[in-house]
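In structure tokens, the next block holds one chain alone, the form predicted alone.
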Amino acid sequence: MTRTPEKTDRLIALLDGVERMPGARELRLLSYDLLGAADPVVDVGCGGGRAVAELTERGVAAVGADPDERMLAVARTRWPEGDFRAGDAYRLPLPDHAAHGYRADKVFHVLAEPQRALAEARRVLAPGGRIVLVGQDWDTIVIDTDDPALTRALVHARADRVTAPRAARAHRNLLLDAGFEDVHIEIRTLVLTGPEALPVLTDLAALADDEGRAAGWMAEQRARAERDRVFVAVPMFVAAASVRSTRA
């Protein structure tokens, strides 16, 4: 994927905002715990590098892989001790069976070929290795609103702009089909009830066909925020699995 510098900068700002959301840190910690004692770990689509830094703080040899050189430059500036390498989910910068852990957070929804990515995960993981996938199902954003019909339309319109909006609900089957075992699924929900919800809502409102309805919908949400009545819930799907200890 090729992005303009401006798009990368916007994505970095977006990811920084997501990392500050209530519950986001706890979700990252859960993903690390599900990796178990895996070491080294490759963090696929590492973005600004926070997970690599946090895994390193845990004593794990972590490698961050990302296809965007500008993103990697930001990660290296923020975390100069981190190991960040160019590579994507289809072509990871590691030899066969070099990793004992594989982590991909908010990655599989942008992949047109998830099976190919999981084949690459199998290639780099050693026998007994662990894989953890984290992502949202873009059709299941929950918003308290006075206009549920428009809200459903906006959520689905946003989902339609994503390459694989329902990838997260398919994590279990994708992992099983790729030959992983002991698949474990959890759902944790990010609940936004403050000003941090407004960028999410503004992004949705921009997709309305009728500017007047969008303005009214957004005005309602801003009024809710002023009265401490805004409510947005984003279910996050977490899947973990293992490579067979003895390869066939």
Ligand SMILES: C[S@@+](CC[C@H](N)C(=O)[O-])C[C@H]1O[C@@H](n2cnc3c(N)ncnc32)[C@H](O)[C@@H]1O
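So that there is no doubt, residue numbering starts at 1 and follows the sequence shown. Please read all numbers here as calculations on a predicted model, not as lab measurements.
One more form of this protein exists, namely the form predicted in complex with this ligand; it is left out here, but the text below deals with it.
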All of Glu26, Val63 and Gly135 with a heavy atom within 4.5 Å of this ligand in the predicted complex: no
Considering non-hydrogen atoms and a 4.5 Å limit, which listed residue (Val124, Leu175, Met71, Ile143) is close to this ligand in the predicted complex? Met71
Going by heavy atom distances of 4.5 angstroms or less, which of Leu35, Val44, Ala197, Leu55 would be at the interface with this ligand in the predicted complex? Val44
I'd like to know whether Leu111 contacts this ligand in the predicted complex, with contact meaning heavy atoms within 4.5 angstroms. yes
Test of understanding: in the predicted complex, would Ala89 fall inside 4.5 Å of this ligand by heavy atoms? yes
I'd like to know whether Glu226 contacts this ligand in the predicted complex, with contact meaning heavy atoms within 4.5 angstroms. no
Given that this ligand is not shown alongside this chain, does Leu11 nevertheless sit within 4.5 Å of it in the predicted complex, heavy atom to heavy atom? yes
Heavy atoms within 4.5 Å of this ligand in the predicted complex: which stretch among 124 to 132, 155 to 163, 103 to 111, 74 to 82? 103 to 111
